[in-house]
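In structure tokens, the next block holds one chain alone, the form predicted alone.
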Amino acid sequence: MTSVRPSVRSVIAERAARELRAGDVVNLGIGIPALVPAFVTPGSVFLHSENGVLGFGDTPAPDAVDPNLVNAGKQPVTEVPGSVYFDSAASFGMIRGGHVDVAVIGALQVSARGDIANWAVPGKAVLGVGGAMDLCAGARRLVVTMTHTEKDGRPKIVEELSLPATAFGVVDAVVTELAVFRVVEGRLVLVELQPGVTLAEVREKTGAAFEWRDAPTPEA
């Protein structure tokens, strides 16, 4: 039987799901974060969306799609027992009031100090920051999911942001297809290599200095 290699996005989403703890209220951003429900045990966490739902599940089968039941990215989701609905104002009240335990969001850049840029690229059309600023300020933990580099190889983890900032010093963890970093007291710390990835590869593709807390896997 031929094995199917998981996509980069799925690798990131699966590892991000392991950052969640039982009982967490978790807000998922658009893009890679929206894949996280596929890797979460149903009922273990409470998924929250800015458009006004708490307690949703993975993408439904095509014949079970309810066009009125969507996440913040307008993608169809499923109900789970105990799901509740409310207006967007109440949803943002939950975020701003500190009632979201974890926000999992995408990013364009993350700095070594935990600054994040995720809403604008100068010279390109801008849709707006959406709920990102509220989530960065209100969530108790912020987990960033993104590819390690741009398509042209430029690193997304950098010493200083070169793109318009969303928030400063708010990132707790960064999950890429290569590694997992944490920001500890304003310092970037590599805590895990993804399977098959070497420390040398991470150093080459990361645009910021970082600490390595554990003994690295021996490299060839």
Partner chain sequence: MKVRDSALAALDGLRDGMTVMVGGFGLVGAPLTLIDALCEHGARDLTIVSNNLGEPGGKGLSRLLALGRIRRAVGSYFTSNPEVVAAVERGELEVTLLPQGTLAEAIRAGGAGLGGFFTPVGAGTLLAEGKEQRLIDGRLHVLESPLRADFSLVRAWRADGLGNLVYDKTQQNFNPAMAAAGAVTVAEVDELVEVGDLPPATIHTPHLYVKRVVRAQVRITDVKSVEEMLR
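This one's a predicted model, so the numbers in the text were calculated from it and none came from an experiment. Basically, rigid core = biggest C-alpha set you can superpose within 1.5 Å across the two forms. Residue numbers count along the first chain shown, from 1.
This next part talks about the form predicted together with the partner chain, which is not shown.
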Counting any heavy atom within 4.5 Å as contact, can you tell me which stretch out of 33 to 41, 180 to 188, 65 to 73, 151 to 159 lines the partner chain in the predicted bound form?
65 to 73
Looking at the partner chain in the predicted bound form, is some heavy atom of each of Val45, Gly82 and Arg140 within 4.5 Å of it?
no
Would you classify Thr176 as touching the partner chain in the predicted bound form, given a 4.5 Å non-hydrogen atom cut-off?
no
Indicate whether the partner chain has at least one heavy atom within 4.5 Å of a heavy atom of Asp134 in the predicted bound form.
yes
Evaluate Thr166 for contact with the partner chain in the predicted bound form, applying a 4.5 angstroms cut-off between non-hydrogen atoms, and reply yes or no.
yes
Should Thr147 be counted as a contact of the partner chain in the predicted bound form, where contact means heavy atoms within 4.5 Å?
no
Contacts with the partner chain in the predicted bound form, stretch 46 to 62 (heavy atom within 4.5 Å):
Glu50, Asn51, Gly52, Val53, Thr59, Pro60, Pro62
After a core superposition, would you say Asn71 shifts its C-alpha by at least 2 Å between this form and the one not shown?
yes
Core-superposed C-alpha of Ser88 shifting 2 Å or more between this form and the one not shown
yes
